[in-house]
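Quick heads-up: it's one chain on its own, the form predicted alone, in structure tokens.
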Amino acid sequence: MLTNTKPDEKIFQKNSTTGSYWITTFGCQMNKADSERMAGTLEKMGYTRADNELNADLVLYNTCTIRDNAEQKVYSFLGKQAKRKHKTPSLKLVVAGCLAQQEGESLLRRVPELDLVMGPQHVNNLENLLGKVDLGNQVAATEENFISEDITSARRESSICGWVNIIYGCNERCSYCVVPYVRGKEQSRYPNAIKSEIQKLADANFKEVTLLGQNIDAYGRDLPGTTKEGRKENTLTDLLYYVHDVQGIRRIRFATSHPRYFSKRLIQACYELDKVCEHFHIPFQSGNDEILKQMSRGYTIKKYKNIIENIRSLMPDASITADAIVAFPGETEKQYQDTLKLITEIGFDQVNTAAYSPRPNTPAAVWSNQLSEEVKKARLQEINDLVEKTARSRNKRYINNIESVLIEGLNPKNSSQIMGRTRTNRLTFVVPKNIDFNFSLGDEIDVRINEARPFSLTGELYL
């Protein structure tokens, strides 16, 4: 029986069976944070983490729909689990995240073996939704839902670095992007709730937090309050000042920014606040103003360059990373070359690239000037080659530098090396000079960098 769910409806199944669970996460940092919260809920319910996806009693796919290939990967995974469920009917299959929100009940029809389809706004309601499944229902939870401050306890993948959601949803209407349709309207969390979560992380000996939002610079514009000067008081900048004094937290990051709202005041705060890391992820998407206009991005390349100049005037060695889309509908060769030119001129530390992929419910998906797959493939390969070259060149500035590295663990490919990140978010592998060197996760150590690759560094412990 198919049932829809009401957000405030409580289902309690005292005799519901649990067992082991497995979560596979696709997509962005927001999805990773959501998966940690759902894992926390499952363990609170009595589930234990499985050692293998094919042995788990409950399998949950937290999905992404920003690109078509991400969707197809999910369906491939689901096909294997659907076959497994025919042999093991007690297996619970759950699809969460953006694909679940986009497809809703149609996903249940496409994969009838599914027990639960739930959108991102229902992460906090997982326990009640599984209660309905235990009653024999096939459940779809994709209706709009207010995200309560009564946030679930996450099962953190790291014991050192923690995600902290500060704003859910997105009110932007970029012509290519499905996120506002699947993640809903912006909902900012209150500053005191955010600070309380960060304090709990500090109490648990976490050393770094990353503040998350689909459009993090929009934080607070749906919250009440203005200053005497008439300025909105609950901005991302205000939040950074507010949470900066949490004892025990050494590093603060935030993502993802939007150039339309990135302010000089925010840059000044990042410069003044010691714990805020010198790493800025600011997607530009295209290096051409006409394409940006068609994308409905709301800024020009001149404004974007001014942001980078303002950052580097205060923090010359700051790490700048970004996102870019090639082969947008109607993009000419010259417009594409403008994107390559921007990457070269700015010298990004890293750029996440993608060829345009039509998404349901977005304006650009139905435009008649779509480019061929051959053009998409060629442009994506060329831009990736440039990004790697630029990243390698940028990373050379670290050679012989002494960098502070926060230890996150051992190199999974070489256990003789310590692994961590610089304040600029460069993944760094460290070779201790002394084999008896004692360290703990969360320690900050000085490292002399002696090797730079496009996307990581290697160095020796500097004593």
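We number the residues from 1 along the sequence you see. Every value quoted in this text rests on a predicted model; they were computed, and no experiment measured them.
In what follows, reference is made to the form predicted together with ligand SAH, a form of this protein that is not presented.
Mapping the unseen interface onto this chain, Ile66 counts among the residues with a heavy atom inside 4.5 Å of ligand SAH in the model of the complex. Not displayed here, ligand SAH is approached by His258 to within 4.5 Å at the level of heavy atoms in the model of the complex. Heavy atoms of Asp323 reach within 4.5 Å of ligand SAH in the model of the complex, making it an interface residue. Interface membership of Tyr176, defined by any non-hydrogen atom within 4.5 Å of ligand SAH in the model of the complex, is confirmed. Listed residues Gln285, Thr235, Asn125, Asn288 were compared with ligand SAH in the model of the complex; Gln285 is the one with a heavy atom within 4.5 Å. Checked against ligand SAH in the model of the complex, the candidates His279, Arg297, Lys207, Arg379 yield a single residue with a heavy atom inside 4.5 Å, and that residue is Arg297. Heavy atoms within 4.5 Å of ligand SAH in the model of the complex belong, among the stretches 348 to 356, 137 to 145, 388 to 396, 264 to 272, to residues of 348 to 356. Residues of 197 to 222 placing a heavy atom within 4.5 Å of ligand SAH in the model of the complex: Gln214 alone.
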